[in-house]
Structures are given as structure tokens and as C-alpha cells.
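Two forms of the same protein chain are encoded below as C-alpha cells; each is given separately, as structure 1 and structure 2.
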Structure 1
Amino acid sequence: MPDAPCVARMTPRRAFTREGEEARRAALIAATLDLIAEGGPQAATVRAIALRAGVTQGLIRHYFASKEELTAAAHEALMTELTEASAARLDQMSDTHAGRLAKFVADAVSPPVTAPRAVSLWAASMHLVARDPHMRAVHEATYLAFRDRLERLIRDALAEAGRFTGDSRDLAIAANALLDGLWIEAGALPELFSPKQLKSIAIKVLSRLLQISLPEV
């Protein structure tokens, strides 16, 4: 289909309101992420993004120099979203370190951001990350931040039980892998796992691995 009619206008121009830069950027980023999550990178065309965001495609160019720039902004927003989803919850409640660890682990395999969307977006980001150095840096930093948090929680929980280990790093890597694996499999094959099941497996396995009693949450 050609882009637009080539004749004189009959209908009036569509009305619009000025929402301001921040709101528009956020809307465009949200639209981009939604489309990628639903249909992969291919689905996030400038026209589809504009439609989803409730604007016309020209506006994209007004706020982002290129589609690539919008994509990068969307990736960064996703990483922030994922990080904050776990960071926010951690600071609240639980008196014991074991309790905090259990809560953290349980949250990681529960729908914070609903799993299929997050996993789908994460998968899409892989290809971008592979080539763009800046995206790669953001990705790596996000991973390491999560892992470091996990390592600290593990060390604290062990210390609480009077145990000290030299390989908390390796334990954190493994625990992180376990959580990622569960998260991804649940996202890829949602009907194969119930949220409750995931949580219980994660807690059970981790407590056995650390030889610590972790409370159900």
C-alpha cells in the first residue's frame, strides 16, 4: 500500500494535544517494548510504534534521531525496569537474612513484570546486545548488579547460620543461573509450570544447595 493519499485533503487534520517531551518519549518506548514482546523485533516498525503510541510516525523522528536510537532507549528502559522490579521489593520486610534471600529468590521466579513479556524482550535484546557495545555494557552491568546482590544475600544468610564460605561467588553464579533458567523456561513454556511450583522448586533447591533452611514465602 502506498504511504498516503496523493490527492487533495478532504478530511480535516486529526486533532492533537501537546503532551510534552517526557510523556511522548515514554509512550514511544513503551509502545516499542510492547510490540517487540508481542511480535519480535520485526513487529516494531516505525508505523506500528506510532500507531500503538497514539501518534503519527513523524513524531518519532522528532524525538529520536533514528529508529536505532529509539531501540537503544527502549533497551535501556527495559533493563532499568527489570532491575527496579527486584530492587524495590528487596528493601521491604523480613527480619532474617535467610528470609530476605528466600523473598528475593521467590520474587525472581514470580511475575513481577509478567514472565512471557519479559523473557520475550530479553530474547529480542540478545541480538542487539551482540553488536552494540553500549547496549552490551548496559546488559552486563545489569547482570552483574543482580548477581552481586544475590551473592551478598547468600553470604549474609550463611553467616547468619554461623557458616562462612570462600566460594560465594560461584554459588551466586549458580544460583543466578538457576533463577534465570527457571525464569526463562517458565516464560518460554508457560503452561508447563505454575507460579507456585516454580517458587517451591527454587526455594527447595537453593536451601538444599546452601544447606540452609529457607522459609516458604
Structure 2
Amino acid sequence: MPDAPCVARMTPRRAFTREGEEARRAALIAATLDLIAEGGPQAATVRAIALRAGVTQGLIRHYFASKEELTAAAHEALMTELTEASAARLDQMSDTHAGRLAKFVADAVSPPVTAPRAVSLWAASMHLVARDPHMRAVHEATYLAFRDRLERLIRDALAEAGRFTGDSRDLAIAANALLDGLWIEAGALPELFSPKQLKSIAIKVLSRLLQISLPEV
């Protein structure tokens, strides 16, 4: 019996430590993204990241084996956040599969996904993909996560419409290319497009590609 209070007191400390470490790791990733957004990948030096995050350079090495690993983690955080933002409304309401697909597509070409900062961060990181194995692995994983989610939505919408096809993977790749193109232009030249216009274009073109009717969102 005397030991129980001791265990109870120690449990919050362990939880607090985990939360503190996660927060510091997130702060390092945020600092890295801020620096890349301001001056490109070359601006995100270990020294600059440490100064921006308010930590020592040694602490960075506690969480990441190299600057390349930290840069890759920052890219992963960015791309995962964009994918989740595209899917944020999927579970908020019951809908048809066609409606769920339309919402996903519309959100993928709307703020905050199309924020110029997000597109510039992506562009700044892409030249590292071909030469850095960490970045290549992250790029592949985040691309596949988005594509596979899109494929599931497409497959469900086609089945709902009575269209059973074995090329849902190819359709998802083509649809992803459409969304990527609109996303890049929206982020690079935001003054040329309205969110409503981009959503309408994405849904209309995808409807024709899939040969089903998707609702306007």
C-alpha cells in the first residue's frame, strides 16, 4: 500500500516529459519551416534553427541525427498537414460517396491548402528529393498517403454510381495530377483565381474523367 501513492505521483511526470519532448520537436520543425519559407533550404542552418527555436544546437542533435533528417521531418509535417486539411470535412457529416469525393477535391484546391506559403515550401524542398534519401522517402510516403486516400474515395464513388472498374489506381494518379496543377497555380498566383472557381474546375474535370456526376460544393 505505501508504494501506490508514489506510482500515482510519477505517472504525470512521465506524461509531462513526453509532452515536453513532443513540443520541443514540433518547435524545431516549425522553426525549420519558417526559415525555409523566408530564405529557402539554405537558410535553415542548424545554428539558425536553434536560434529561432530558442534551444542549443546540441538539443537539435538529441531529436534528429542530422540536419537532413530534420529537414525531411519538416517536409513530412507540411505534407501531412495539407493532406489532413483536404480530408478535414469528410467525417463531419454523413454524405454520399460522390459528395465525400467532391468535398475532398474541393478542399484540396482551397485555403488553407492553397496558401502561398505551403506551395513555396513545397517548391523549395523538391530539389532535395532527387539527391537526399530522407527527402525521397518522405516525398514517396506522403504522395502515396494522399493518392491512396483519393483512390479509395474514387473507388467508392464509382461503385455507388454502378461503375465497376479495375483502373481506379490510374484514375487516382490522373486526378492527383489535376489537383497538384491547380494547387500550384493557386499558391503561386492566388490573385488570379477564386476558391469557388478552382473548386468548380476541379469537380467538373474530375466528373468528366470518372464519367460520373459529382455535386458542386
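Treat the numbers as computed from the prediction; the structure is a model and nothing was measured. Every residue number counts along structure 1's sequence, beginning with 1. Here the rigid core means the biggest group of C-alpha atoms that line up within 1.5 Å when the two forms are laid on top of each other.
Student: Between the two chains shown, which is the form predicted together with another copy of the chain?
Tutor: Of the two forms shown, it is structure 1 that corresponds to the form predicted together with another copy of the chain, while structure 2 does not.
Student: For A102, does the CA position differ by 2 Å or more between the two structures when the superposition is done on the rigid core?
Tutor: It does not reach a 2 Å shift.
Student: Core-aligned, is the CA shift for R149 between the two structures 2 angstroms or more?
Tutor: The answer is no, as the C-alpha of R149 shifts between the two structures by less than 2 Å after core alignment.
Student: Given a superposition on the rigid core, I'd like a yes or no on whether A123 shifts its C-alpha by 2 Å or more between the two structures.
Tutor: No, the C-alpha position differs by under 2 Å between the two structures.
Student: Core superposed, what is the CA shift for T32 between the two structures, in angstrom?
Tutor: That residue's C-alpha is offset by 3.3 Å.
Student: I need the CA movement of H62 between the two structures once the rigid core is aligned, reported in Å.
Tutor: That residue's C-alpha sits 8.7 Å away in the other form.
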